[in-house]
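What follows is a single chain, given as structure tokens, in the form predicted alone.
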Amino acid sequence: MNRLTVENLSVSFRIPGAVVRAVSEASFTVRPGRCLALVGESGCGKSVLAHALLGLLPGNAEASGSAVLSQSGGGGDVELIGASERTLAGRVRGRAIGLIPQSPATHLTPVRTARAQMQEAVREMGRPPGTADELAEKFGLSPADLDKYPHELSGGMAQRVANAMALAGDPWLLLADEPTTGLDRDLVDRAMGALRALCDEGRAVLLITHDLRAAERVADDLAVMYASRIVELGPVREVLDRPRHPYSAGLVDAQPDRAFVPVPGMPPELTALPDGCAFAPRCGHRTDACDVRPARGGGDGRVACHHPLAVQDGVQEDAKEDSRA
């Protein structure tokens, strides 16, 4: 069965005089028919994690851990971390994992029409020439739309071209890296509807976003990332309605349709992460226990917190049995 299993994935960058710890011990699974949304503030490491899965990290990056791409139909397993460029280019990028990039209009080559770029993508993936038109039609693009240059495309049309190109190699997994950047709310909702439709037809989606409303629109599961680390992971409705990590609760409360109150303070620099809980300086539940880095646990492996929030009568409370330990 197709599946992406990520275990203890860490990524760091060596720069003069410092080490940037961009991703720390990330673990999750993505399966066909489901969307996992990875959310968090800008700079927390979401896009770096995505690039690590595709082997698109710069030369000063160091990655450890495991990301196993399992494929049915005789495709076999591929360990993505440390895989050769030949393996990634020949078996993974575009074929098993399709990329929907951030800011699609700027991702397209400006001096070639959308049709020319789609046809090239289809040809490189070894699929019949007519596939380009079929994919375009699937996402509501007309032949006239394909004959336009990127600067002639609206934000919504550019997004649909990017979605179509990501399917050029018929991948089972789509990696969407902040695909709604620069789009108004109506176009965001349409883009999320298109991703949900891909899941419903049996593909998988890993959505990288800072937009909780967009994640709620499309995701089955939600992973909350803070300062390089996934601090909470669970079904989207449970995480949004009953967050257990104080940071997750803060993100939810910051939404316009909730309390509309920002999370106080600022996240730490990824070059100076503390040994303990990175969220502790911003957290109202901090105790001395937070000087030790918490493992993701809470009985179900959902939350990395010494004092996870509990739900009692619909009200979030400190889990007293944990906070007094």
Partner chain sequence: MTSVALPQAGRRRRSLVFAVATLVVLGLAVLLVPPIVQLDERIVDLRSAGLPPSLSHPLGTDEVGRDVLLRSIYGLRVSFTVGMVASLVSITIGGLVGLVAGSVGGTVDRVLMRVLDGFNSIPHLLLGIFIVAMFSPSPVAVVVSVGVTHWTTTARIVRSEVLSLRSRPFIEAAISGGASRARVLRRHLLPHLFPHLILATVLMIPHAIWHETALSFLGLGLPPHMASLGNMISDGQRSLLTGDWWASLAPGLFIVLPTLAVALLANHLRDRLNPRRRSELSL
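Residue numbers count along the first chain shown, from 1. Just so it is clear, the structure is predicted and the values come from calculations on it, not from any experiment.
Heads up, the form predicted together with its partner chain isn't pictured, but that's what we're talking about next.
Student: With its partner chain left out of view, which of Pro143, Gly76, Gly202, Gly82 would have a heavy atom within 4.5 Å of it in the predicted complex?
Tutor: Answer to the contact question: Gly82.
Student: I'd like to know whether Ala63 contacts its partner chain in the predicted complex, with contact meaning heavy atoms within 4.5 angstroms.
Tutor: It does: once its partner chain is placed as it appears in the predicted complex, Ala63 has a heavy atom within 4.5 Å of it.
Student: Taking heavy atoms and a 4.5 Å cut-off, does Gly284 contact its partner chain in the predicted complex?
Tutor: Gly284 lies outside the contact set for its partner chain.
Student: Given that the partner is absent here, does Leu57 sit within 4.5 Å of its partner chain in the predicted complex, heavy atoms only?
Tutor: Close contact exists here: in the predicted complex, Leu57 approaches its partner chain to within 4.5 Å, heavy atoms only.
Student: Looking at 83-91, 193-201, 126-134, 227-235, which lies within 4.5 angstroms of its partner chain in the predicted complex, counting heavy atoms?
Tutor: Result of the contact check: 83-91.
Student: Note that its partner chain is not shown here; using its position in the predicted complex, name the residues of 13-33 with a heavy atom within 4.5 Å of it, in sequence order.
Tutor: In sequence order, Arg14, Pro16 come within 4.5 Å of the partner.
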